[in-house]
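The chain below stands alone, shown as structure tokens; this is the form predicted on its own.
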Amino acid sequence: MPILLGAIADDFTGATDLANTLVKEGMRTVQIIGVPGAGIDVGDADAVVVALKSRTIPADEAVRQSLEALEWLRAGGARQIFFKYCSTFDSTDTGNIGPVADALLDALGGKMTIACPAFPTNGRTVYRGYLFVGDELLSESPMKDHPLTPMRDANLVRVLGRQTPNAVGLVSHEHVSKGATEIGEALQDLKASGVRHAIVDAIDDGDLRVIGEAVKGFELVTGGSGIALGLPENYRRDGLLESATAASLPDADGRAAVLAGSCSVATRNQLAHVAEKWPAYAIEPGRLANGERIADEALSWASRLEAGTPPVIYSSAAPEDVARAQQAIGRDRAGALVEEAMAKIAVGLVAQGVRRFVVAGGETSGAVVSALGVRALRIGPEIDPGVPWTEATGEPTLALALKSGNFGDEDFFTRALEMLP
């Protein structure tokens, strides 16, 4: 059967988040790492999520990769395309959400799409076009100090408007609360007035489900993973979606390790929670910039730990420490050095017998998965909202929990590993 939903995600943890949502809603889902090449077999998947590492790369390169992924998904028969980005709309005034959405829409021959990053389960809601993180505006949340994409404007109409030459409008909650038909009419009115991108309010899962129903006929849907709640039912109503088997835990025997690169408050709290339980090793960008062999040191340290003790290796730091490192080294170089070190450490840990990884942070997850040569992931059961266990195809069998920096409760690391047999 051809693919029903083809998704393009701008980072690896976001892709896993989306795949998790689709699995819970009854779609057999495969996650592919990077632009798919020859020999990728998705079996009987109803949905395929292509995980790119395109959130913070130059916009023209993000567009190129996204269009290549689109071509592959369309060749596989995908009936609808979903461009997935973070529920905190991580981007800058130059992109990459606007440029990629425009390019995909052009390639699909579409006239209009929606943008809805809401994920109420994790506290991300959109009201009057403003994005909230919990009770705070995005611009007043810790996201304002994100090291790569500081978000200092919570008005998504303005934010997206600075990224695209096309008109951006709003479907307010007044319309959303009245159901799919009302949403559809509001979208048609905006399209008639020349709007190409419509921010859509959503404050709970019920809103997301009716929005999904309203965009059934759209060539392209864009948003966070939450909007995917309403898409599978469209296929089910048309008799295209069969029942799926329950997700199973990955079958990976071996040591466990935690790698954390996110500087989010959530990840730093999770690290603090395990500080007295498991030994930890800090990766410092300044030492990397000086040419010190930090990855080798970290691997040597990990090899000396007692069997059954997971090493925790992290570069997470407070915003002021990140700012100092970026000022001394340069933002891009600091990030690249840390990713390179984490990638080398991941490969070295596998050589030491580690087969179970919990990885925090989208950029870190991308570096780790790429270094390990993972091409596809089978999606397993959920650990916390937006974060499932996954199993890498190929050899050796690896269990991977790829966590967006902002996701997960304080005890996420310990609970994740306790789930595995």
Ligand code: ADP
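Since this is a predicted model, take the numbers as computed values, not measurements. All residue numbers refer to positions in the sequence shown, first residue = 1. Throughout, rigid core stands for the largest set of C-alpha atoms superposing within 1.5 Å between the two forms.
Keep in mind that the form predicted together with ligand ADP is missing from the display, and what follows is about it.
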{"query": "Contact of Glu339 with ligand ADP in the predicted bound form (heavy atom, 4.5 Å)", "finding": "yes"}
{"query": "4.5 Å heavy atom contact, Gly14 to ligand ADP in the predicted bound form", "finding": "no"}
{"query": "Exercise: Gln163 in contact with ligand ADP in the predicted bound form, heavy atom 4.5 Å", "finding": "no"}
{"query": "Partner proximity in the predicted bound form: Ser262 to ligand ADP, non-hydrogen atom cutoff 4.5 Å", "finding": "yes"}
{"query": "Option touching ligand ADP, based on a heavy atom within 4.5 Å in the predicted bound form, out of Gly98, Gly212, Gly335, Gly129", "finding": "Gly335"}
{"query": "Non-hydrogen atom within 4.5 Å of ligand ADP in the predicted bound form for each of Ser315, Ala325 and Glu363", "finding": "yes"}
{"query": "Which of 249-257, 262-270, 299-307, 185-193 sits within 4.5 Å of ligand ADP in the predicted bound form, heavy atom basis", "finding": "262-270"}
{"query": "Contacts with ligand ADP in the predicted bound form, stretch 16-49 (heavy atom within 4.5 Å)", "finding": "none"}
{"query": "Flag for Gly335, CA shift 2 Å or larger between this form and the one not shown after aligning core", "finding": "yes"}
{"query": "Core superposition between this form and the one not shown, C-alpha change of Leu402 at least 2 Å", "finding": "yes"}
{"query": "Arg196: Cα shift of 2 Å or greater between this form and the one not shown (core-aligned)", "finding": "no"}
